[in-house]
Structure formats: structure tokens, C-alpha cells
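Given next, in C-alpha cells, is a single chain: the form predicted alone.
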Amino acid sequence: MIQIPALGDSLLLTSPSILVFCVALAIMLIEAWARPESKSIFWALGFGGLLAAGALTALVHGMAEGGVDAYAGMLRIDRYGVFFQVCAILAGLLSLLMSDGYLERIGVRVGEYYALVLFGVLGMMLMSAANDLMMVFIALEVMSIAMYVLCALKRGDPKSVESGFKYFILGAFSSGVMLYGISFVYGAIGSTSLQALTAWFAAGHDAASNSLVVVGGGLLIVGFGFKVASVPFHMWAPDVYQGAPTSVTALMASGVKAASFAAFGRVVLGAMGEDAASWHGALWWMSALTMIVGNLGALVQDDLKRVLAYSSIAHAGYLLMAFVSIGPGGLAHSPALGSLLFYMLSYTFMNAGAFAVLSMFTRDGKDDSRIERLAGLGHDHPWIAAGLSICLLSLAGIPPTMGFVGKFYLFSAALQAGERNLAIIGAISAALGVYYYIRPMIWMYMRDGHPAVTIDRRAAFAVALCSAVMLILGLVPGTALDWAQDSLLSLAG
């Protein structure tokens, strides 16, 4: 039996999240009292705070090797949570790399931006470690409220305001659905703890025989389905991705999705385990339709941000295959599902790299991400074009990129679980997706033009870093795959 640590130990185990919160609070106070003319100090504080949080996370990883409960079991510090906390911190760092110059170009210079980014990352980190359904809800709201404001940050741009408003309305609705689902689960088992839910299933109870658990679990899946943009809860994604500032879209596409899948996995794969079969049919259709609709929707888009939004929907479908592929005996007998975590890590890099390139495309203080704007980029800025090409090829799952390795193991896990039809649907959908990933490359290398792009050194560094990671881990993925597999297995104790 795991001993619940004292308050001092809990504070130490959650020190990365506490540090991020303190830095965000410091930024807000400095902006309110001093209002410095240059906002670069906030960028430095935010970036340095996330780097320090990353170092503390590595320390916590060594302390919580076997999994430790904190704050009376509300949070669980284990390798699974640490993995997704690393993804959240990476998403925050990459978003900040493209933020400072980008905000200058679009005329948005407010210190609160950096505080909101950190609050968003804080919510993601808490979601990764949440071990109680109420903690999942609280962390989700911390993350979501920050993202609502960030999406509408360009108050003079109607598209940005519309983006924030749509995300807020639909996000509030999905949060209400999730809270309603939590109340059903509480009514059935008398607790909102995920460990209590696990114990309830281990005691021989069957979800199918308890209507409260079935309804509660279904409502939770609906709530998470909105956050990961799965069909039929995906309609908000294209408009929100297009209207939000590009650096915010990058954080949403990578960090928010990773945190949502972290909490989703802790509930479905961890707490429900093999009993998740009660929702197998719903998850199967969600995965299949999400892959089909996401890829078909992207085929007809002329704006690269909308293309990446539909791509994000399709990738949610690929990731949902892991939830369908859990076999008898739960995670302990499904080690191939570690591909879920590996793919989430790769998705963080390939999305951030693509949006870092898009952050350099602005016109008259506004984003201009039409695909035709890429014409001639391969001639005028070959290194930037090469970085975007690597990101797109990785999203398409073309070897030797990290995206190919992730897709290969995701489909392998589905086949090992006997989900052949779902794997076939995924393969056909992925083949369709190659077209809309190759299309921007055709404009970059086979169309004449001189794109009006502002080369931002920090954003260019983010592109180079993401491209290098995708190629290196695409060629030698062993260590990262082992880390992902071990992290997922820690969810099963």
C-alpha cells in the first residue's frame, strides 16, 4: 500500500507546478505595478520559469519512480504524469519561443499574455497528475480559462474575438457535461477518487450492470471528446485555431491536446482498465469517424491553420485507437499502448514546428496563413521551408520521421488487439492525408513567388529544434519508446 506523504513531501513532489504558478503570479504583479515599456522581461521570466520547472520535473521523476500520492490522493506523481508534464512544459517553451517577436508584429504587447501561458501550462501539468475526478475538473478549468482569454487576445480582430467566444461557450458546455458525469460516478461509488473507481471495478463490479456508472462514464467521454476535438465534438476546432493568435494555436494544438489525453488516459486506461470494454463501441466509432472526418475536412482547406486544425482532429482519431486497443488484463497485458505516449510527444514537436513557421507570416498586423503565401519559400528561405517540410512529412507519417514511428506502433497496437477494421480505416485515412500535407510543399518548391515572411530568430530556432528532434527520434526511437512504454505501465501500478 502506497503511503500518502506529508504536506512537505507533497509540496516537494509538486514543486514544478508551484514554481510555474509563482512565476505567473510574479509576472501579473510586475505588469500591474511597474508596467515596463519593454515586455521582454516577461518573456525571460516565463521562459526561465518553464526551464526551471523542467529541471524540477526531472528531479521529481527520480523521487516518484514507483508512483506516490500527494495531497491526500488528489494528485498522483508517477512516470505517466511526469511524461505528460514534460510534454506540457515543452509545448509552453516552444510557444514562448515564437511569441515575443510575433506579438510585436501583430501589435499585442501585454505582459498578461505570458502569465496566461504559464497558467495554461499549470493547468496542463495538474491535469497530467490528477488522481481525482474533481481535481481533473479543477485543472481543466485552470487550463481552459487561460486559453479562452488567450484566444481572444487580439481584441481589434473580429476573428480572434469570435475564436475566444466560440471556445468559451462550447468549452463551458463541455465542462458542464463532464461535471454532470462526475456526479453520476459519485452517486454510484460514493467517491470521485480514481483509485476508488479502480477498487470498485477490482471488487467484481461490472459497469454494464450499473446504469449510473455507464451514464457517468459516457458523459466523461463526451467531455474529454470535446477537449481532444474528436468527432462529433470537433466543430469548434477549425474556427478557433484560425482565429486565435498563432502562438496560442500552437499551445492549444500541442499542450492542451496532450493534457486532455493525459487525463482521458488516466480515467479510461488507468481507472477503468479492462472494464473500459463497456464503452468499446462508442470509442471505436469516435476513433473511426474522427480519422475520416479530420482527413476529409482538411482536403478542401486553403488556409494552413485550418488544415492543421483538421489534421489535429484526424490525429485525435489515431490516438483514440489506443483506447480501443486495450485488451483483457488491462495495461499490464497491453504494453504496445506505450505508442500513445510516444505519438503524443512527437505530435507536440511536429505541431509546434509547423506553427512556428506560420508565426512568421503576418501582414498589416494580422495573420495571413493562406497556403498560397508559401509560394517561393523554398527559394527565398530554404532552411525555413525545409523545417516546415519535415514537420509536414512527420504529420503525414512519412519515414524517417518521428511521426512515422508513432503511427507504426499505434497501428501495430490496434492490430495486436484484433482491431483490424479500425486499423484499415486509419491506414486509408492517413493515405488521404498525405495529399494535404504535400500540397503546401508544392507551393513552397514548385510555385514562383517572394513570400513576405519575417524571419524571427527564436521562432527559427524552434523550427530547427523540432525538425532535429523529429529526425533523430525517427531514426533512433528506442530510448524514447522505452520511456513512453514504462511511463504508461506505471499507470497500471
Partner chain sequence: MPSLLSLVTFLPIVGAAIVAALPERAAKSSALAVSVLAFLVSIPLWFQFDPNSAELFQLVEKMDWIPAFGVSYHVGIDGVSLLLILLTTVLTPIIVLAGFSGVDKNQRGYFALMLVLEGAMIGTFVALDTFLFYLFWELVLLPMYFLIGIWGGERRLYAAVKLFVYTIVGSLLMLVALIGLYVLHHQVEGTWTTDLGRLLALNIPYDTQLWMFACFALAFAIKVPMFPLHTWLPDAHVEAPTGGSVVLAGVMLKMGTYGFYRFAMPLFPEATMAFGPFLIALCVIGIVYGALVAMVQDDVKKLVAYSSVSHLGFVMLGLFALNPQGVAGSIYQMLNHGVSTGALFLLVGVLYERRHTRKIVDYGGLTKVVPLFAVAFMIVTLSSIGLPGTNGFVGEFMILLGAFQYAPIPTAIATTGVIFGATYMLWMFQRVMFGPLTNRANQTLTDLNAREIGYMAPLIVLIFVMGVFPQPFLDRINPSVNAFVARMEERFDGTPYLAAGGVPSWIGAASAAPAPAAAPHDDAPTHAAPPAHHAPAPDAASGAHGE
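Numbering follows the first chain given and starts at 1. What you see is a predicted model; the values in this text were computed from it and never measured.
Another form exists, predicted in complex with its partner chain; not displayed. Remarks below refer to it.
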{"property": "Triplet 182, 186 and 202 all within 4.5 Å of its partner chain in the predicted complex via a heavy atom", "result": "no"}
{"property": "Selected contact from 430, 28, 460, 68, since only one has a non-hydrogen atom within 4.5 angstroms of its partner chain in the predicted complex", "result": "430"}
{"property": "The single option of 455, 59, 442, 52 touching its partner chain in the predicted complex, heavy atom within 4.5 Å", "result": "442"}
{"property": "Interface membership of residue 12, its partner chain in the predicted complex, 4.5 Å heavy atom rule", "result": "no"}
{"property": "Residue contact check: residue 464 to its partner chain in the predicted complex, 4.5 Å heavy atom", "result": "no"}
{"property": "In the predicted complex, residue 438 touching its partner chain (heavy atom, 4.5 Å)", "result": "yes"}
{"property": "Any non-hydrogen atom of residue 398 within 4.5 angstroms of its partner chain in the predicted complex", "result": "yes"}
{"property": "Contact segment among 305-313, 227-235, 244-252, 403-411, judged by heavy atoms lying within 4.5 Å of its partner chain in the predicted complex", "result": "403-411"}
{"property": "Stretch 416-437 - residues with a heavy atom within 4.5 Å of its partner chain in the predicted complex", "result": "416, 418, 420, 421, 423, 424, 427, 428, 430, 431, 434, 435"}
